[in-house]
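Listed next as structure tokens is one chain, alone, in the form predicted alone.
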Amino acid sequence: MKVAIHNAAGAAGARLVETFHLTGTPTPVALASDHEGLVRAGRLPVTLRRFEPASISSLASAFSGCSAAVFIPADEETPDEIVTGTKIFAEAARQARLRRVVMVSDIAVHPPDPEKSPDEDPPLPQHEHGSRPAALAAAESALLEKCAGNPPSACVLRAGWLYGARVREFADLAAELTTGVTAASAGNSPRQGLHVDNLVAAVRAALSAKLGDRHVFVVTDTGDLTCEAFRRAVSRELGSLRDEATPLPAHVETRKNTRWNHVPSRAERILGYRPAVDVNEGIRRSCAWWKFTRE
């Protein structure tokens, strides 16, 4: 099966292309909207295709030979560009007669409430007009409505805050933590993170699942770990925090023992999703990648 990876030059897209290529399945086709993106995506011997962002026919042509596609809005896109780009993607996927499409959205669209049972279904919270969460919510709806009742089948993954290889925000955090400057506490709010390898596992499951059409799945892996605890765990792994603090709590490693992981269990049950790493291994891999980039 050939799978087109939209925005293949971004952190998530690049990891999808890399993992699919190295494991041999599915076969990735890397898409980018400019030559710079193709260069960044082209470090591996995979098929590269450039498309015009505003052209349905151009994107449909880029899907040629593929049976599925993964849509990933870029971080730098404006809210209007996110919505417009999603509509173009959905129509191009329909014209190319794709079998399956998966959209990688963001947990910010509907963050879990620790006081309530996690619920991925409407009603969504009221987002400020013109904000990125509001645009992603509108884009999700546009994609699912466009694919309702006709091929391709579609589902949405609301990914937690990504950390891991090539994720710029994690690199910025690691750089900050190794400066020796004592920063203010990151707070006790839940981290709601997702290691990039777990995102790959979730996308792989969503592409092959026979169920889950027109459903939304929240995928996180940091349990009820707080932002401050995550920050301290990363700092310890980097060797910049030398204290007697205990490792991450055992219930964070065992993902079924915390209410924050009830939602990924739904993805497990319907999509067959299985996380590739736990939080400790995710932090270890992330820090190892960052150290490697500094050598």
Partner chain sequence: MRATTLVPRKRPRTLSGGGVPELVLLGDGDWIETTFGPALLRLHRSGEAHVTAAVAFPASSAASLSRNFPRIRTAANLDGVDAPPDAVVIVASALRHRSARIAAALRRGWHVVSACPPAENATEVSRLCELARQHEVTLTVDLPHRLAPGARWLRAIAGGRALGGCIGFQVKEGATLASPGEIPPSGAWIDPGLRALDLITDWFGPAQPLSAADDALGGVEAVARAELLCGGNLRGTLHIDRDWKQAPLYRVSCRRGVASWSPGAIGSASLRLEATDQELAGTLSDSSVPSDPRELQLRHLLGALVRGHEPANQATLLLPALELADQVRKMRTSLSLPWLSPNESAVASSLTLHVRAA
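Keep in mind the model is a prediction, meaning the values are calculated, not measured. Positions refer to the first chain, counted from 1.
Not pictured, yet referred to below: the form predicted together with the partner chain.
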Identify, from the list 238, 227, 48, 56, the residue with a heavy atom within 4.5 Å of the partner chain in the predicted bound form.
48
Would 15, 18 and 39 all count as contacting the partner chain in the predicted bound form, using a 4.5 Å heavy atom cut-off?
yes
The partner chain contact in the predicted bound form: residue 140, any heavy atom under 4.5 Å:
no
4.5 Å heavy atom contact, residue 44 and the partner chain in the predicted bound form:
yes
Does any heavy atom of residue 35 come within 4.5 Å of a heavy atom of the partner chain in the predicted bound form?
yes
If you check in the predicted bound form, is residue 127 within 4.5 Å of the partner chain, heavy atoms only?
no
Have a look at 161 to 169, 75 to 83, 132 to 140, 207 to 215 and name the one stretch with heavy atoms inside 4.5 Å of the partner chain in the predicted bound form.
161 to 169
Sequence-ordered residues of 273 to 295 touching the partner chain in the predicted bound form, heavy atom within 4.5 Å:
284, 285, 288, 289, 290, 292, 293, 294, 295
